[in-house]
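Just the one chain here, laid out as structure tokens, in the form predicted alone.
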């Protein structure tokens, strides 16, 4: 998460040397051979062309342990200032209401700040968007294009150095090494590295063909001192081709209207191994077995059952990943990019030895995620609650209309921790009064703590299928 930064020690003298080289325009990655293509763009020209579109996305993370400023790299993709950035900067577990005071910062000797609005995460394509709240300036958008690359082809990226280096623009180059199949298409580079997470990637003609997106063990943060060392010492090696996220730029979230995600209602999908696939007569084919079907949702309505094996979608074979377990992830992500109301025809093996039969499924809207649920922080006793969402009831195998609130945070060394309250406890009663939702819990809790500040709070919680009573003694003054 935001506080889960690498703690690797570094030598400040070496760091300053790295930064001075970068700011002078020297690539820290291994020196690359010159691009022989006649249309090759000069690094200085590429940096000059990309620079007006590169901005800093800045906001405040306002959590239970305090407020913290966050900054990462964004790319302007529309002339009204619509800015795209890696979803890793606003990871899904963090609720929307804790992300505040967004700004678009144009770096330079005199930074220019624009108040902005968080439009939302687009989980379909792994990016997030913000937009200026006032249309008082024209921005310079970067146009991404869909273009295939070949092994050995040079690629270039332009990014922004961390805050301690003044958010200076820098250049990096590498060579395409491999194209990886998986839930999110990735291009692996070698012979160098790419710029920081959020940086655009260009071909030798200067066309923007990809984005340096989520990277294992790399941070998207640019306002942390250690981020400077991480950026130059351990550069990203993967980028996502533009073909994967271009639809997100065309139809981004709108103000007050989060992306409505389609939902089929199948879970615990398993990609069949080679041996299991051959047992079902599917030699050389990609297939997915269903582990669970959610009652009352499209898959259930369309006749899908636990144990059924999906072999085709809309008449086409399922897309293959590099490993069998990637097939369900690819299938799920492809579904997420469809529209609510779309009909999907699945070819399904329902019994061993029988040919597949087609089943038509009409996609419905995914139930509200926990990131948009209302929350209340009981600061005096050190715990946070939120409204119950569908995932809570499904995981606990209880009725969809079950009432209560879910514990989402427990402050270390607090009264609630001492009482052994736990994350994900479902609170069903407060002082023997049934809990309906977070608003009612807040009202009743606040009144009780005001009127009886020295008395213990008694919670009845559902934990792993069992009801438990948690008594929380107020801290002694």
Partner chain sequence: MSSYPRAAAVLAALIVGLGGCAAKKSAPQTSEPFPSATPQRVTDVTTTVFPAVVRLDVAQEVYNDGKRTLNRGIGSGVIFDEQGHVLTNFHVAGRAAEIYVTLFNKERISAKLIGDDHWTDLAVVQLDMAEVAKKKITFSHANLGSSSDLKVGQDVIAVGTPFGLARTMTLGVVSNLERTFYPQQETIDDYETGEFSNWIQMDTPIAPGNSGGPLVDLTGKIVGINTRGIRGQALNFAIPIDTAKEVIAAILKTATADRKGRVERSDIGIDLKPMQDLEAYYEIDINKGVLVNSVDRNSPAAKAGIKPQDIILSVNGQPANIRFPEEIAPLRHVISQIPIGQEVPVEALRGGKPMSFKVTTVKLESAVGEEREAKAWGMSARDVTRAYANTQQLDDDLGVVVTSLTKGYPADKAELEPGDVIRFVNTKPIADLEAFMKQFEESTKKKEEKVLLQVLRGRGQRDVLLRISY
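On a predicted model such as this, the values are computed, not experimentally measured, just so you know. Positions refer to the first chain, counted from 1.
Here the subject shifts to the form predicted together with its partner chain, a form of this protein not shown in this document.
Proximity to its partner chain in the predicted complex, defined as a heavy atom within 4.5 Å, singles out one entry of 186, 204, 169, 289, which is 289. Comparing 174 to 182, 393 to 401, 125 to 133, 239 to 247 against its partner chain in the predicted complex, the single stretch with non-hydrogen atoms within 4.5 angstroms of it is 393 to 401. Interface membership of residue 275, defined by any non-hydrogen atom within 4.5 Å of its partner chain in the predicted complex, is confirmed. Put simply, residue 270 is close to its partner chain in the predicted complex: some heavy atom of it is within 4.5 Å.
The shortest heavy atom separation between residue 467 and its partner chain in the predicted complex is within 4.5 Å. The closest non-hydrogen atom of residue 258 lies beyond 4.5 Å of its partner chain in the predicted complex. Counting a residue when any of its non-hydrogen atoms is within 4.5 Å of its partner chain in the predicted complex, the hits in 419 to 441 run 420, 429, 431, 432.
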